[in-house]
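Here's a solo chain for you in structure tokens, the form predicted alone.
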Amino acid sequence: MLGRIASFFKDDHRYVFLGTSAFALVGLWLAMQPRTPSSFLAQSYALEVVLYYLLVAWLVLSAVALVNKLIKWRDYGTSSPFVRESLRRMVRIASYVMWAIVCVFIVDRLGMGLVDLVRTSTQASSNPTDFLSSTVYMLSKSSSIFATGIITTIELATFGTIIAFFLALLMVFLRIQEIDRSDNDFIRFLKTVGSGFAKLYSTVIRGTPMMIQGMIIYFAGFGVLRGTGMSVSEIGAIWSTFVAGLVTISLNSTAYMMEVLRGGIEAVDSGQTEAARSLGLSQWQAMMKVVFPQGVKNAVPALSNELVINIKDSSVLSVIGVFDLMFATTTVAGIYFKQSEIYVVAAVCYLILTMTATWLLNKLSRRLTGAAPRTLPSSN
């Protein structure tokens, strides 16, 4: 990593004038914005003026370089002073200085401005009217609600995906059963029933929305327990909305993960099975010892994607009262009667969760599979 950074600073870069000039214009625009109360440049006006005119000087130098290239465009590579090694090195170093100056203005105007905004918003006695201040105010006052929702979302997605993976291993085993010539009538019957059940399960689950599945599962479970004579409080202690949501995610993901596993298994060359059978292995042994491990390995990238999907899809479970991130968002929106600000916060939270999960799963996938195939489809 350090070697790459050192190489970056030592190497020449194309369009150094154009790229740095665009960034310098951003710095000039920020320099013309009013200072915030926490601005550290406000204590040194002379330094700010020097930084401002250094950016202006860079823009002038870039304009001179552009004019020189237009004039000498036929023999620019041999006659222009800007292609000399010493001048190119100086330009490269100067460009880094310009980027550092712009970063100073970004921290002073935007960073310190954000600090002031957070300070004033969190100390406000009532909900501010502007968008950012109101967002910070509601987030600070409802941080515990959001924390509970985020934790619940992570728990539902993580445990639901893990449970679904083991259920999918069982279901895909039933799904891929084929009648062998050595099977007796009873085994043939079991294989036919098992394969048919797996196909029906996949069709029903993948053909209906998770929201409907969650409502059916929750109210069906509540009705069954109610029929045993249990009170509402007793049922709530056993069959909570969280448990119903976890069951819903697990059963829903099982169908998709089963199809992903089936695709991974079918991607294994049929010659592997034939070779295993020729060595005296039964169909069961060939499947469990040769085909199945390779199929699971092929499907790891697509299987890991199911966790990311479950993080997002768990939001529909708020309809049955699961206190996930979506339920927390609607709760806070109902408290303050503001929707846009708080839904932006929810979107950012979901984005952070999915990006973090994707990064972790990519590292895990590379460790487990190496150069795993990337052509398998997503689970849904």
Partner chain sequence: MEELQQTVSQQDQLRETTQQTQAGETTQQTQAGETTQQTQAGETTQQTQANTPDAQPSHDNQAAEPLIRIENLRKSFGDLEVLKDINFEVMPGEVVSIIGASGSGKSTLLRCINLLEVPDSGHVWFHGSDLAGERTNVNELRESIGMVFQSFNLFNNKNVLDNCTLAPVTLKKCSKAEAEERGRRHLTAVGLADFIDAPATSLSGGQKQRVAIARALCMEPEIMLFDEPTSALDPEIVGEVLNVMRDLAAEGMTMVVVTHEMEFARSVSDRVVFMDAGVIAEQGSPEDIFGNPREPRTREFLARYLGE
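Numbering follows the first chain given and starts at 1. As the structure is a computational prediction, the values presented were derived from the model and not from experiment.
Note that the form predicted together with its partner chain isn't included here; everything after this is about it.
Partner proximity in the predicted bound form, defined as non-hydrogen atoms within 4.5 angstroms of its partner chain, places exactly one of 246-254, 288-296, 222-230, 130-138 at the interface: 288-296.
The single contact residue among Ala124, Ile235, Val97, Ala276, judged by any heavy atom lying within 4.5 Å of its partner chain in the predicted bound form, is Ala276.
The contact with its partner chain in the predicted bound form, taken as any heavy atom within 4.5 Å, belongs to Asp269 out of Glu178, Asp75, Asp269, Glu85. Taking the partner from the other structure, its partner chain in the predicted bound form has a heavy atom within 4.5 Å of a heavy atom of Leu281. Its partner chain is not drawn, but in the predicted bound form it has no heavy atom within 4.5 Å of Thr192. In the predicted bound form, its partner chain sits within 4.5 Å of a heavy atom of Ser182.
Along 48-71, a non-hydrogen atom within 4.5 Å of its partner chain in the predicted bound form is carried by no residue at all.
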